[in-house]
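Heads up, the chain below is alone and in the form predicted on its own; it's given as structure tokens.
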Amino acid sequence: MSLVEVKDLFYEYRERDENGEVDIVTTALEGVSVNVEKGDFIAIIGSNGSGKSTFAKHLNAILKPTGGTVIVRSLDTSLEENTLEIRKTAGMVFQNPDNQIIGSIIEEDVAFGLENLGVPTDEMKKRVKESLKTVGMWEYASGSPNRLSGGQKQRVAIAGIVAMKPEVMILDESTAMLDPRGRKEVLDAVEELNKEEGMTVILITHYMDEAARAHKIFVLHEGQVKMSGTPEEVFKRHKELKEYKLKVPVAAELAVRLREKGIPVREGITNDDELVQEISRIRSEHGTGI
């Protein structure tokens, strides 16, 4: 059974007039189906207004479906009695780390969620240390979050989720407010958690280079899944992506342009490292005149 199973998900935002009557109905999600297996690294991409953040909020029961179902580890998110257990299973990291960091000391902040769960003190200290080490922030444990960069703050927010030992981590545009260095710090930490700890990751992003790290990509547009597949399968359909107001990673775009000029660059290039390796291969096989 899938760890997360989303089937025919519909969601409507309803605005009410001054009399409390429904005045405006906006359909944000329309028949979305996505399955996530344990250990997956899934990216959900889409332009502004595509519904990807609305989708993310269904995965740990912040929003309840208007139609269809969302099942997290056999628990139906629409049932109120399942909410606490679902949020233990699916941890959410939001866009602005300042909205998640509430402690004046970093290790106290990471311990906050554990205190709410009633985790014993000795176990709590162990988890705080392990989670901060996992994201490379243990050396800052006794310091103030206010002295951290944006990327460091987001890693602390991730540590707070990791300490609670969820089975799946959902990152809802968690790098959108960061500079390139901060984005890399956060994605490196997340990728390490997926590879080394086996944590399931669902990444909501509009950055194509981030999505390229995932095992599988789902493309949302106007509330519907328009495309899905591995990064290689999705990014080679660059013309379709442009129809959905998305661009492929720079490396993938450059690889396409090189092929158009007759240079035998293989298909499936998704990141800078792959492109550099491919160009090096071509130069060694065909000489330096490319």
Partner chain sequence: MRRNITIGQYYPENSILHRLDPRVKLLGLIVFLVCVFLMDSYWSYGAVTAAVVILVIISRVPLRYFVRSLKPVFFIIILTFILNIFFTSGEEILVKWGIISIYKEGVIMALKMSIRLIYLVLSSALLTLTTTPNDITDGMEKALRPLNKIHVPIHEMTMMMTIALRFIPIISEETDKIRKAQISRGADLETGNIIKRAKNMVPILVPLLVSSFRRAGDLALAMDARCYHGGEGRTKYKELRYGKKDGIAYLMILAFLAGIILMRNFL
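Positions refer to the first chain, counted from 1. Predicted, not measured: the structure shown is a model, and the values here were computed from it.
If you look for the form predicted in complex with its partner chain, you will not find it shown, but the lines that follow are about it.
Undergrad: Out of the stretches listed (85-93, 196-204, 71-79, 211-219), which one is close to its partner chain in the predicted complex, meaning heavy atoms within 4.5 Å?
TA: Contact-bearing stretch, as computed: 85-93.
Undergrad: Check Lys125 for me: does it contact its partner chain in the predicted complex (non-hydrogen atoms, 4.5 angstroms)?
TA: Close contact exists here: in the predicted complex, Lys125 approaches its partner chain to within 4.5 Å, heavy atoms only.
Undergrad: State yes or no: in the predicted complex, is some non-hydrogen atom of Glu191 no more than 4.5 angstroms from a non-hydrogen atom of its partner chain?
TA: Glu191: no contact with its partner chain in the predicted complex.
Undergrad: Can Val186 be called a contact residue for its partner chain in the predicted complex at 4.5 Å between heavy atoms?
TA: Val186: no, not in contact with its partner chain in the predicted complex.
Undergrad: Does Glu167 reach its partner chain in the predicted complex, with heavy atoms at most 4.5 Å apart?
TA: No, Glu167 stays farther than 4.5 Å from its partner chain in the predicted complex.
Undergrad: Would its partner chain in the predicted complex be within 4.5 angstroms of a non-hydrogen atom of every residue among Asp8, Asn35 and Gly39?
TA: Not one of the three qualifies.
Undergrad: Residue by residue through 146-178, which ones have a non-hydrogen atom no more than 4.5 angstroms from its partner chain in the predicted complex?
TA: Counting only heavy atoms within 4.5 Å of its partner chain in the predicted complex, the contacting residues of 146-178 are Asn146, Arg147, Leu148, Gly160, Ile161, Met164.
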